[in-house]
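Below sits a lone chain in C-alpha cells, taken as the form predicted alone.
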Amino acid sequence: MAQKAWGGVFQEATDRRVEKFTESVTFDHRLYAQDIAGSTAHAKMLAHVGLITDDECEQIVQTLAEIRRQFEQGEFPLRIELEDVHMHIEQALVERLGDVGRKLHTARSRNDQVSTDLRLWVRESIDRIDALLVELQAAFVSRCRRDQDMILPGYTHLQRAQPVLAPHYWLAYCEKFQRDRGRLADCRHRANQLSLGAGALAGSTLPIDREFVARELSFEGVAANSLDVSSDRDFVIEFSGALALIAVHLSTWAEEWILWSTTEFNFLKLPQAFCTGSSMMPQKVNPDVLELTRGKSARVLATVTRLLTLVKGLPLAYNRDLQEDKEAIFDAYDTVAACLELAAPLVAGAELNREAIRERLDRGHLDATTLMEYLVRQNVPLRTAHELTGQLVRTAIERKLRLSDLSLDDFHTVYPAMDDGVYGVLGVDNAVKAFVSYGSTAPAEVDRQIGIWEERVLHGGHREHGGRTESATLARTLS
C-alpha cells in the first residue's frame, strides 16, 4: 500500500484486476514531457512562496530533468500498479529524493495536475496541426503558378457547371484550411488557461502563486473558478471538433482527387509513391492513401460524439470517467496529423493530365451561364435571359454542337437583337476571361489571390494568421 499515493486510509490491497482496469499509463505516458514541465514550474513556485527551500527546488528540478531523459531514451520502467504517468514521475522522485520528493505534490491534486498537462498537450498539438496545415496550404499555393493557364470544369451536383482556373480550385482548399487554422487558434486561446492551483476542486489553504506558474508555463491566464476547471474538458472537445472539420476537408479533397484520378475523369495522375497495387490485377494503381484519408475521417468525427457523450452526465467536479478523454483525443490528433503529413507531398507530386482535360473541356456547355449574363448586359431581364439561353443550349444539344458553333441566325431565332459580340464570351477560354467579380475565377482576380496566398504561406505571412506556428518546433519535440 505504500506505493499508493492515496493508500493511507485503506486496509486492503487493491485487487490486481482493478489495477489493470483503472490504469492509464499505457496511454497517458505520452504526457511525460508536459507533466515534467508542469511539475518543474510547480516546484519553482513552491520555492518562490517559501513552501520548499531553494535547495529542495533545485534537487527536484534536476531529478525531473533526469527522469525526462529516461523517458526520452525509452529507459523509464512503467508499472500498472502506479496507475498513471503522474504517479510514476512522483514515485521516481520519492525513490531518489525521499522526503524532498514527497514535497512536490504540495498544494496540488492529480485533478488540476492532469488538467494542466492535458492543456499543455492540446496547446502543443494545436501548434503541430497548424504547422502541418500551413505545409499543405503551401503545397497547393506552390502549384498555382505552374497551373495558372489551366482551365478545369467546375461542378455542382457532380455535373459540369462553369469553367474555373485550376489555381482557383487549389486556393479553395487553402480557404478551407485557413478556417481550420482560425478554429485552432480560437481553441488554443481557451485551452491556454492554467488549471494548476485549483486543487481537487476547491483550491488550497496554502499561499500559492498561480500567476507565477502561469508565467513559467506561458499560459495566457489563470482559470478563475477551481470547481469549474477541475472538471472542464471543453477545450478537449473543442479541439476534437476542430480536428473533425479538418478531417472532413481532407476527406472531401481526397474524394475529389480519387474521382479525378479515375480513367473516366482522367484529370489527374497521382504520384505512384502514394499509391498501391493489387495482389490480383497487375495493372492497378490504387489511390489508397486518399481512400484511407477519406476513411480515417470517420474515426475523427466519432471522437466528437464520444467525448460529448463522456461528459454529458457528469456532475461537478472531477469524476474518473474523464480518464477516458485521453485515448480519444490522442487518436483523433494522431489520425489527422498522419493524414496531413502525407497530404502535402501528395499534392505537390500530383500532375494534371493537361491534354485529356483540354480535349474534353468544351463538353457540357460550360459557357452557358456566361452567355446568359451577356444577355443581361444587353438589358434582357435575368429570368428571360435564363430561358433564352436554355433554348439555345437545347438547340446545341440536339445538333451536337457547342454554343460557339451556333450561327448568328441561330441566336436570332431566340433573340433577334443578338450581335456577333456574343462570340467574345463563348468557349471556355472566353468564358473565364469574362469573369470580373471579387473572389471569382477571373484571371486577374486569381492572380491577385495567388499573390496574397504566396505572401501568407510561402513568405512567412502565415505567422499572423490562424494558429501559433511560432511554437511548432516545440510542438514537434513534445508530440
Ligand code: ARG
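This structure is a prediction, so every number in the text was calculated from the model and none was measured. Start at 1 with the first residue shown and count on from there.
Keep in mind that the form predicted together with ligand ARG is not shown, yet the notes after this line are about it.
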Asp28 near ligand ARG in the predicted bound form, any heavy atom under 4.5 Å?
-> yes
Heavy atoms within 4.5 Å of ligand ARG in the predicted bound form: does Arg110 have any?
-> yes
Does the 4.5 Å heavy atom contact test between Glu83 and ligand ARG in the predicted bound form come out positive?
-> yes
Considering only heavy atoms, tell me if Val336 and ligand ARG come within 4.5 Å of each other in the predicted bound form.
-> no
Would you mind picking the one in Val114, Leu136, Leu290, Leu243 that has a heavy atom within 4.5 Å of ligand ARG in the predicted bound form?
-> Val114
Position in contact with ligand ARG when the complex is considered in the predicted bound form, options Arg394, Arg377, Lys312, Arg320, heavy atoms within 4.5 Å = Arg320
Within 4.5 Å of ligand ARG in the predicted bound form, counting heavy atoms only, one of 320-328, 189-197, 202-210, 363-371 shows up; tell me which.
-> 320-328
Does anything in 216-234 come within 4.5 Å of ligand ARG in the predicted bound form by heavy atoms, and if so which residues, in order?
-> none
